[in-house]
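As structure tokens, one chain now follows by itself in the form predicted alone.
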Amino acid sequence: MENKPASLSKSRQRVIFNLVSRYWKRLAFAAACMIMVAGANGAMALLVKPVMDDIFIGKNREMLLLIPGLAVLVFLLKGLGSYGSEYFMNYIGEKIIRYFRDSLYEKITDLPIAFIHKEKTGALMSRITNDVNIVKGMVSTAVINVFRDFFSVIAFLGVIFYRDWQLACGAFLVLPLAFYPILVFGRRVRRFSTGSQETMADLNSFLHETFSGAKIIKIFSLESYEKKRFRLKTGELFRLEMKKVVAKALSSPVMEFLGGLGIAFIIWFGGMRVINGTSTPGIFFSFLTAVMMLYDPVKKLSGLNNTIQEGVAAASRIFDILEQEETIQEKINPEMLEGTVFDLEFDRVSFSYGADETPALKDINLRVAPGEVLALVGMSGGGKTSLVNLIPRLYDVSSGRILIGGKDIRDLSIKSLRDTISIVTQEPILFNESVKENIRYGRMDATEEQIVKAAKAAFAHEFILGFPKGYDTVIGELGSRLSGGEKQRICIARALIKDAPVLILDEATSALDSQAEQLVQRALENLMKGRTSFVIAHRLSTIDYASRVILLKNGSIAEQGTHRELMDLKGAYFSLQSMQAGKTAK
């Protein structure tokens, strides 16, 4: 995915604004609570004058009883306001974060398989976990404090001008300088935050790959090599994080210094007015308290701006996914594919994975009759998997068309098309659920009886009963607790229970030993009965049952016919058979 500047366009800002505006009632309550907090802060500054002039200088006993009571009330109101604003804003923030998480997962799930293959798994996971959490900090925590501090600034400004407008005008000569670091350091934080988030995504991807490939790392004794690679990645992350820390850390001291200049000016100018008798100590200290309390929220705005800039960078990365275009388009009113038996036809089909890449398939013309078993053979890179991936529209043809039951698959509902297709891949894909739930994945409304029947037809029932909890046994991530043959037979049971009229077998036995292959082969024969089947074969000895054999070479059909016809032809297929027979003999 291309790296884009970490910014939020107007359309993206509008999306976030619309999300927040859904909760306008809670937002109004939160704003009221923030105003209550700001009013309490202003009241504390106002109370300084009567404390100084009436109690300490005027020695007024009535005010001595009244002011402490007012102070307790002010702090109570401030506490209630803080709780209310925290609760309502965090509620809104959590709702928005849930929306982003759900939307990201749904979008990634809906995007074509080409996108999934192009992106790193860890990077996609980082969008849903790390980036969304950063946005949460922007939406809830930062927004709460920004509004609360903004209202506090307004309240303190009111106190300042109420107490001494002339002194206030002098203070405002210095105050605007305090906002300068917010702009300068905020830009740097956003830039470094974007780099940090991208590096974190790369780190997540690295962890996913190395944990998944732990067996290979250990067998090849590459632990030290992977540790070194990990240290390099964490070193890069450390470098970016420290740059971000420097930008954040500098903003506060700079504001402290500029604020100190303002306080020094106020002490000098205000002190002169008290000495000259044009002001009282109470007014001066009330003013000074309000100014000192004013600089605190202004200073915090710098830190909050840093958090917001991080959130903007993370939100941009999230929108980069959400705004991905769908390359597999469905018609507005697609046709529904109905029936139980289908023929398939490839009409002058060509396909390339990218505009600049060599075509994976070139001018394929092929018709597969209903119930026919078509074997696809050839050297790696010949185009076998590319051809079968076009049938369920995991990819779309670059030119030509694919017909099923006489209908162009691009005119059909994608769901109705895929409902007619079942697949068993070379690498069994199972989920960390029970055996029963993995088989039911082929048909979610399947009964217990149908699950057992499918398992029996896949020759899986016997070994399943040997598990501690039978069909309720959880099989581990990707079926890690099962052997290769057991995993493959559960995948076959899943395909059986779907009972789809079109079947794709992508080298379903190539990774198995001879004994496991025999059992799986028997299960596959049960699976193929009455179905239009595409069988990608690695071992040519396993395709004797095929109605027809297609040999693909460099994306084109080089030879086709029955096994016997191709052997008699003594061409490329004969050479492949001879080569494999020679390897077996050795």
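One-based numbering along the sequence shown. Owing to the predicted nature of the structure, the values given are computational and were not obtained by experimental measurement.
What follows is about the form predicted together with a small molecule, which we do not show.
Partner-facing stretch of 378 to 386, 432 to 440, 468 to 476, 274 to 282, counted where any non-hydrogen atom is within 4.5 angstroms of the small molecule in the predicted bound form: The contacting stretch is 378 to 386.
Check: With the partner left out of view, is F463 within 4.5 angstroms of the small molecule in the predicted bound form by any non-hydrogen atom?
Finding: Close contact is absent here: in the predicted bound form, F463 is far from the small molecule, nothing within 4.5 Å, heavy atoms only.
Fill in: Heavy atom of E357 within 4.5 Å of the small molecule in the predicted bound form
Yes, contact at 4.5 Å.
So in the predicted bound form, does any heavy atom of Y353 sit within 4.5 Å of the small molecule? Taking the distances in the predicted bound form, the answer for Y353 is yes, it comes within 4.5 Å of the small molecule.
Can you tell me whether Y395 touches the small molecule? I mean in the predicted bound form, with a 4.5 angstroms heavy atom cut-off.
Yes.
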